[in-house]
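Below, in structure tokens: the form predicted alone, a single chain.
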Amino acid sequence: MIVGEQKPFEEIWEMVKDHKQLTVFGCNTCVAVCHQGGNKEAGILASQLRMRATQDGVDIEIVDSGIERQCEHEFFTSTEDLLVKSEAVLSLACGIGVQFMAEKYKKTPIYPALNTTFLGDVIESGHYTEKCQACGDCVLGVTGGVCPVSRCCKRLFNGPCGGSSDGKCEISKDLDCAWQLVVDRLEALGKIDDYEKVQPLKDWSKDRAGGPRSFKLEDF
């Protein structure tokens, strides 16, 4: 899932305060799971903005709405009239959703209410951790399902750096050494011999080669 974190309220207010009408627009998929960008959060933020407008004597009409995903055209049908009439939109989506809306509504300012942080998983309710950087050259098949790109501070591909101690990274005693996790996982799978296989240099060109990446299903 894509994890995001709501921007500081003052930063949001400074972006939108000069408009006469604003739509606070939620996204009910990834960022809703981490309680930062769903319709509920859009409603709460809209209420906070209304209170601030009243306190500062700012004349601004603020409404809130949302859809399932802000990165696909089909979900906008139900709110098309609202968005077309909006003077400005405050998007509670990840950076993808903000850019998608900016391209879809070219004459409407689309402001980000969130900082997109990482691709992660849910450790427990309210606790999320980075597990993937979408590098485009996945090596999980040879590392026991543990990603050294996102989980090793030095992005090493052939074992630990020598700075780890008792299974913890030298960066922090609270941070697991990614390569200790790899070894533990390979042992559990009965594939510890794979640890001795030297991995080639990673093809970082697949990460950002030639600008933004794209993927197209040719038979669609």
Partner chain sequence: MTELITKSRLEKVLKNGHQAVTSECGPPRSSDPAHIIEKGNLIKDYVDSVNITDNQTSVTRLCSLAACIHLKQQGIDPVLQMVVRDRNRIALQSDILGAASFGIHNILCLSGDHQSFGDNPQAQNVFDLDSMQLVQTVRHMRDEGKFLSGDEIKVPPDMFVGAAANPFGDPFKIRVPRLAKKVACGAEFIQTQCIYNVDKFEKWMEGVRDRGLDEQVYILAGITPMRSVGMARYLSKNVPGMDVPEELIERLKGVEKNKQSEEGITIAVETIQRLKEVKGVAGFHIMAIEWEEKVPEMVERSGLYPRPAVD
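Numbering follows the first chain given and starts at 1. Computed from a predicted model, the values in this text were never measured in an experiment.
Omitted from view is the form predicted together with the partner chain, to which the following refers.
Among residues of the shown chain, residue 187 is one whose heavy atoms approach the partner chain to within 4.5 Å in the predicted complex. Looking at residue 69, you'd find every heavy atom of it more than 4.5 angstroms from the partner chain in the predicted complex. Though the partner is left out of this view, residue 173 does reach within 4.5 Å of the partner chain in the predicted complex, counting heavy atoms only. At least one heavy atom of residue 196 is located within 4.5 Å of the partner chain in the predicted complex. For the partner chain in the predicted complex, the listed stretch (163-171, 57-65, 28-36, 42-50) containing residues with heavy atoms inside 4.5 Å is 163-171.
With contact defined as any non-hydrogen atom lying within 4.5 angstroms of the partner chain in the predicted complex, the contacting residues in 124-162 are 153, 154, 155, 156, 157, 158, 159, 160, 161, 162, given in sequence order.
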